[in-house]
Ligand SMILES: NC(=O)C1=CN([C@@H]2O[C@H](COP(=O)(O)OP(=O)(O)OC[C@H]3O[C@@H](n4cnc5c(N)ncnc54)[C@H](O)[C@@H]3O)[C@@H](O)[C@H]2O)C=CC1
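As structure tokens, one chain now follows by itself in the form predicted alone.
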């Protein structure tokens, strides 16, 4: 292939109108570009102006995706200059809409696709990238069974992995040349896709059982062998698989599940901040999780582990956690409980005299009135489930309840802060899973922090890479959570529990530093640095054009 198309079509090397006249001559690009030689800043200003002409976030997503395909440096410059505004465009919630149309609107492949029907192709698929063992820092993989709040989208879910990597780079400076997006195509149970003539994935139901497990094992074994220094990030796996895979492999491979560990850790940040206001310890908490799937139980795991660190036994900690799913309060007499719920199932005898609904369930309000939780977390996607009666019950039980309606998008959130704050008379400590404006109440603007995993996982990944950690430990997750919480003072009335995403790169650097130190303390770090602060800074890729360009 000649140098002419390579320099202009390789998004990692292309700089468009920013190629100097000398570079154009050297690369054989004379006459291929307009006469003007622009700076990256001038290009970014034009691109942002073009972006602003679009009316919908989905149109903006498509524009940015096209820019990503042409010029990665410019793409990350635009996102970095407007990170708070564009983060919801390049990832959640807009990526959910893009995923629904992915096959129909297919433009370009940016991922590695591993089919359960051809497991023999796994090694060849990775080797086709022509990357050496030292060339890769991070892989993000998804089987797209549980995409955000929209469910199973098969190969369409590829953009989840791509979007996650984009956030890693924009927020923490993970080098985009050193990452790989992976889709595990195990089929789909989405009838819309199976009957869509444009669908690009395997046209059969999801494969489960032994064949699925063999694919997971082959993926992990091959990826870890070919890229031994890379963090293996799992994203949007179904609840039946996510926890099981993590527990089975976390001591063998350098893996991280953001839905369980990342979400749990960012909720830990909220609770750490909230406890600074209530002046309590984790051992004094009573946790109620409404929505007991992968994310919800992951939060319960981390908060109960914090209770243990605060002095309780494991049994005592679990006895202070209540889970509610679609069948009501989870009790040990329920048949077919998933393994991840069993540790928190309440004894049936404990609730024998509680008032039940007409269909026999123990509902949210009843449970709150009985146990007086200090923390209420919503991961249910049950819109408006946190009714005024729920808020009143929380406030009747404790003076400053921590209430975290985390489901997204907006049409699935359990309650909006504009309703929670006045209903609680300003007493509730609130964070959400979506960005919301401050809520004025009684002369005070209550700033609502967004429990966005992007505050945590990019810095966690960077810290793992900088330290060369062989595993992601619980100590590293706790350090990340504490580092996020440590960036705000939640004690003034109305203050946010979490930092704003506006300063995400600085926040990620802070998290990375804490994570790298925790990796060393836990004995899993393999890289030592004389100046860890500088090592973190040096590791953060910047969206700037190099002083020169490789002509090959």
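Residue numbers count along the first chain shown, from 1. The model shown is predicted, which means the values in this text are computed figures rather than measured ones.
Unshown form predicted together with the named molecule; subsequent notes refer to it.
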_If the cut-off is 4.5 angstroms on heavy atoms, which of these, 269, 285, 261, 379, is the one near the named molecule in the model of the complex?_
379
_Contact assignment for the named molecule in the model of the complex, among 73, 188, 452, 161, heavy atom within 4.5 Å_ = 452
*Check 458, 483 and 540: does every one of them have a heavy atom within 4.5 Å of the named molecule in the model of the complex?*
no
*Can any non-hydrogen atom of residue 239 be found within 4.5 angstroms of the named molecule in the model of the complex?*
yes
_4.5 angstroms heavy atom contact with the named molecule in the model of the complex for residue 407_ = yes
*Quick one: does residue 152 come within 4.5 Å of the named molecule in the model of the complex, counting heavy atoms only?*
no
*Hey, in the model of the complex, does residue 292 get a heavy atom within 4.5 angstroms of the named molecule?*
yes
*Which one, 206 to 214, 136 to 144, 294 to 302, 441 to 449, holds residues whose non-hydrogen atoms are within 4.5 Å of the named molecule in the model of the complex?*
294 to 302
*Counting only heavy atoms, which residues in 319 to 346 are within 4.5 Å of the named molecule in the model of the complex?*
324, 325, 326, 341
